[in-house]
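Encoded as structure tokens, the following chain is the form predicted on its own, with no partner shown.
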Amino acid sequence: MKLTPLTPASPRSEEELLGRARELAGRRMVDLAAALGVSLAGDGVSTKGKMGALIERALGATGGSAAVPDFPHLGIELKTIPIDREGRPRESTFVCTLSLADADRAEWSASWVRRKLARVLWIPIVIPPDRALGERIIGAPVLWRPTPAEDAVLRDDFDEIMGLIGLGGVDHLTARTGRALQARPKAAHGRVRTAAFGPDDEPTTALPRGFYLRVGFTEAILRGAGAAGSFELKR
């Protein structure tokens, strides 16, 4: 795929989107950045976000920060996921924030987290050891929809997490809660607070939380789709 400093048009179909993503596989992030006229200079945190933005731009994502999928007309969310050379994810994957104050009324069928995970284009980013950030390699894409069994696991985790929060037990949430989906603090620092309720239904505040997918769950997705194969560098 020939990339230019211009933002590519939004893909018209799943097939076109997947074709674009496959063309990116095997390329270094520094080469993609150069093709799009963007610098990768910056610290680790900002660079991580910049790499996701580069992939979005190269594929023609239009969702931005709005409460819609990254490709709204296709109903597809885009998720970049750092992996090692063997295809193992290096960290859990952030999905979306959750509302602590509304947990007692939350339903899986109507939840934002379920909509975010309804159709996902996974873009693995291979991180070679002891290599510069620009040397990270774009892996083979995976277009995924939860199977009924996967959806059932996610639903059970959602119900467990939101049920505990709804009963005023937000402070009892741990990283061990949930088999595939977990709730973890999502804030710049420990002083950030959001509205919540205590065990006696009294108003209180707590650290904001976000939904994350466990490493084992995302690894199974990638391996099941054969995305953990070779990642030879395209010249």
Partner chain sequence: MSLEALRQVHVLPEDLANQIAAGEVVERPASVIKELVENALDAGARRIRVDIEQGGVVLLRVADDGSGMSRDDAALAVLRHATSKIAAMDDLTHLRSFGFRGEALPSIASVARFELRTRRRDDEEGTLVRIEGGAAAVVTPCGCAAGTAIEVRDLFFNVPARRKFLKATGTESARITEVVQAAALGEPGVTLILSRDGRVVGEWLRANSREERARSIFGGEELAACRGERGPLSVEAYLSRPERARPGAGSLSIFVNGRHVRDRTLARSIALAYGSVLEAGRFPLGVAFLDLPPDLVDVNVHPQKTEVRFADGRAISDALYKIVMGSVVSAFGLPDPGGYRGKKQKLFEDPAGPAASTWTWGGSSEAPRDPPPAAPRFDPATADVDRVMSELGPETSDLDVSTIALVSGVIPLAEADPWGLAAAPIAPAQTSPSVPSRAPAEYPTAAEIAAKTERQVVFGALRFVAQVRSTFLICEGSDGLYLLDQHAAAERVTFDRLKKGYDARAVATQALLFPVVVSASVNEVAIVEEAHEAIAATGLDARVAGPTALSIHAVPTLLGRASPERLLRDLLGEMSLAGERAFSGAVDRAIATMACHGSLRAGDPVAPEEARALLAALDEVDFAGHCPHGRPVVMRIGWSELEHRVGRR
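Bear in mind the structure is a predicted one, so any value in this text is a computation, not a measurement. Residue numbers count along the first chain shown, from 1.
What comes next is about the form predicted in complex with its partner chain, which is not displayed.
Notebook entry, point to check: With the partner left out here, if you bring back its partner chain in the model of the complex, are E23, G26 and I138 all within 4.5 Å of it by some heavy atom?
Noted result: Judged in the model of the complex, none of E23, G26 and I138 sits within 4.5 Å of its partner chain.
Next item on the list: Go through 122-130, 138-146, 97-105, 81-89 and give me the stretch that gets within 4.5 Å of its partner chain in the model of the complex, heavy atoms only.
Entry: It is 97-105 that comes within 4.5 Å of the partner.
Next item on the list: Give a yes/no on whether V38 approaches its partner chain to within 4.5 Å in the model of the complex, heavy atoms considered.
Entry: Answer no; every heavy atom of V38 is more than 4.5 Å from its partner chain in the model of the complex.
Item checked: Partner proximity in the model of the complex: D159 to its partner chain, non-hydrogen atom cutoff 4.5 Å -> Taking the distances in the model of the complex, the answer for D159 is yes, it comes within 4.5 Å of its partner chain.
Checklist line | Exercise: L164 in contact with its partner chain in the model of the complex, heavy atom 4.5 Å | finding: Result yes; L164 sits at the interface with its partner chain in the model of the complex.
Notebook entry, point to check: So, in the model of the complex, is P199 in contact with its partner chain at a 4.5 angstroms heavy atom limit?
Noted result: Answer yes; at least one heavy atom of P199 falls within 4.5 Å of its partner chain in the model of the complex.
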